[in-house]
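The chain below stands alone and is given as structure tokens, in the form predicted alone.
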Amino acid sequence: MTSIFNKRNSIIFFVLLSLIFPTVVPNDYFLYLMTTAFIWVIAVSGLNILAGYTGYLSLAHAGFFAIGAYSLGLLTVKAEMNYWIAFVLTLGITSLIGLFVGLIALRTKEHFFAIYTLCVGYIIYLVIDKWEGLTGGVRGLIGIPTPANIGPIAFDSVHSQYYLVLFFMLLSLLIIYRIVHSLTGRTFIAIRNSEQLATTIGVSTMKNKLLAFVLSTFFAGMSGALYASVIRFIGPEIAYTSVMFDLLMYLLVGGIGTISGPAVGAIVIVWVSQQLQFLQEYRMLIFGPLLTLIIIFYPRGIVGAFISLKTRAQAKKRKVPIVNESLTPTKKQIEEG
């Protein structure tokens, strides 16, 4: 039974389901909803590199998401640049700003790091909100174009945008998977488990932490650029702290420190939020206690709970006692997640 839910079968099932979703649910609104969920998956997966694998919880990623969205919007609307050139430049701009912010932020640790990045995120929000001459202020930026054609392929329909965002999401997850399972990824995990020990064995912790920070801002910028292309209108609220709270909720519910956790969390919460729209802002009365219960009883989220149950079942089948089931995932659990 457990072999059915192995890693390879789960990936194949998820990819096939994503590919046939537009034919099974031929409703433009639901396609739009799933497209935005995929965009959040990219952003949360980037945050997971830093928070889940390196152990540094940044609260500035809503700001980097907004930088990605506004960079693409300004380059295409005001500079009238080709979409794909603007898209590449957006990734470079977000990563460069992430590099400068990371150089200062990573000289702090724990709650000082969280407070500093929270301040950076709020400063980004204020710059976008108050700099009307550049960003449009509270009026926002309108008329952002859809992605330019690639040969005969156009991206002016809901279906084509769905598949474009799906492509970038799968590509992002593949890149993150390769990073996590490389020596660089092992170094990130070593820093998370014990930064002092990692330094002792010769790991350049500052260099690797900075790499993780820049990578996470790179994916935040990518998701912001795709968001601007799909929505075609952006305002300063996308940099507000409520967006950061949403990103953290997706990560914690899905499973921090796992590859599939961000995807599970973002897709589940986006669809559950949609079903609770009739409650408007009161739906947070449901999400708040739910998030608290998950953190208390399943600190590694839905995916972490599934991995723990699977590990217990396998141990019981082999009659092997579970010696140490800590909150820190093992190498085998990381590969499964």
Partner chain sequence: MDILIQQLFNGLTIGSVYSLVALGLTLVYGILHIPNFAHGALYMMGGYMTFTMMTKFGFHYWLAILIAVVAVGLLGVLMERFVFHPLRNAPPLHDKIAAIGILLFLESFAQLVWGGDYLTMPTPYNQVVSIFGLTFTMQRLLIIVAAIVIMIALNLFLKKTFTGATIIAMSQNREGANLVGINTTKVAMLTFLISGGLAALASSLASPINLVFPGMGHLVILKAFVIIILGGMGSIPGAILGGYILGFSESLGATYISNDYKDIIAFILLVLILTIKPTGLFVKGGHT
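Residue numbers count along the first chain shown, from 1. Note that the structure is a prediction, hence the values are computed from the model and not measured.
Missing here is the form predicted in complex with its partner chain; even so, the following discussion is about that form.
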Checklist entry - Does the 4.5 Å heavy atom contact test between Ala239 and its partner chain in the model of the complex come out positive? => result no
Next on the checklist: Against its partner chain in the model of the complex, would Arg139 count as a contact residue? Criterion: heavy atoms within 4.5 Å.
Outcome noted: no
Checklist entry - Hey, in the model of the complex, does Thr292 get a heavy atom within 4.5 angstroms of its partner chain? => result yes
Next on the checklist: Leu276 versus its partner chain, in the model of the complex: is there a non-hydrogen atom within 4.5 Å?
Outcome noted: no
Next on the checklist: Each of Lys78, Ala148 and Ile150 within 4.5 Å of its partner chain in the model of the complex, by any heavy atom, yes or no?
Outcome noted: no
Checklist entry - In terms of non-hydrogen atoms within 4.5 angstroms, which of the given stretches 172 to 180, 207 to 215, 126 to 134, 263 to 271 touches its partner chain in the model of the complex? => result 126 to 134
Checklist outcome for this item: The one residue among Tyr116, Phe155, Phe168, Tyr162 placing a heavy atom within 4.5 Å of its partner chain in the model of the complex is Tyr116
Next on the checklist: Just to be sure I understand the contacts: of Leu248, Ala190, Ile93, Leu74, which is the one whose heavy atoms reach within 4.5 angstroms of its partner chain in the model of the complex?
Outcome noted: Leu248
Item to check | in the model of the complex: members of 250 to 268 within 4.5 Å of its partner chain, any heavy atom | outcome: Leu252, Ile256
